[in-house]
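In the block that follows, a single chain appears as structure tokens, in the form predicted alone.
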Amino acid sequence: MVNACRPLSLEEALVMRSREATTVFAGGSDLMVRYRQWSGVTPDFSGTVLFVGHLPELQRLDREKDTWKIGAACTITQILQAQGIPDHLKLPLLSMASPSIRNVATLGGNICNASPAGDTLPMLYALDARLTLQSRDNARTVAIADFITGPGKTILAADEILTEITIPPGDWPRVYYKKAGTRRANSISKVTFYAVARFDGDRIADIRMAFGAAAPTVVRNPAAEALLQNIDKNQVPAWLETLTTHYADALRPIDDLRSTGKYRQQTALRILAHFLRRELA
């Protein structure tokens, strides 16, 4: 038997969260897989299931100047259909799962699941997303890179709920996303790569790059990005060997049922080379 609560407000949800051990449930597309049992058997949830996907406080999607504030219970479909959402936010979401799953899967759920293969995570790391974690008596804001500590592990406290994702302003005329998987969509990623860049004439003014499913957490290397700052984009191929060395040390993929670590390592570096040679330069 599964105990469940459906609060009428975020405040009520936080009170329930403070009083007992709960599993926060928004869309459930990841949780139903994580806690599944044999066919026909009730999922083995740990603690009371706390439904929050219906709460309007968690479904806000606002733009303040060029900063986007996205409620943790906004579904992927809601984000894709929101007016004014820029292409650099849409691109990874369009390759995520199937339309039916995108209708229920939430951005907050993808973050809190903390899978190294989470489709939205490389984008959020590259864009320096910040997360609002709220408890009954307090709220704090943390960088996503500090929030996820390992596969399936986060710093979310037992009495906290992820309520909002803030994406800082940024004009990114060059956007690149590549997902290696069994199928184009509706499959778990073997490797993902997300990059954005902007230019001052032919010089790279800013560049961000992040890999998913290639280490225990998303791999972003600010030192490697700094090597490309302010250089002419046509000089980028000359830096490929140096950049490959930087990332080869940071990428630590594993062997599992879907792929081998060696395949992931080689594929990740080939995607990086393709981006630098063909897409950026």
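Each residue number is its position in the shown sequence, starting from 1. Predicted model only: the values in this text are computed from it and were never measured.
Just so it is clear, the following notes concern the form predicted in complex with a small molecule, a form of the same protein that is not shown.
Contact check for A215: every heavy atom lies farther than 4.5 Å from the small molecule in the predicted complex. Within this chain, R208 is remote from the site of the small molecule in the predicted complex, having no heavy atom within 4.5 Å.
Not displayed here, the small molecule is kept clear of E225 by more than 4.5 Å at the level of heavy atoms in the predicted complex. Among residues of the shown chain, L127 is not one whose heavy atoms approach the small molecule to within 4.5 Å in the predicted complex. None of 196-204, 79-87, 111-119, 136-144 except one has non-hydrogen atoms within 4.5 angstroms of the small molecule in the predicted complex; the exception is 111-119. Among the residues I148, M123, V191, L162, the one placing a heavy atom within 4.5 Å of the small molecule in the predicted complex is L162. Contact with the small molecule in the predicted complex, judged by any heavy atom within 4.5 Å, is made by just one of I167, V175, M96, A180: M96.
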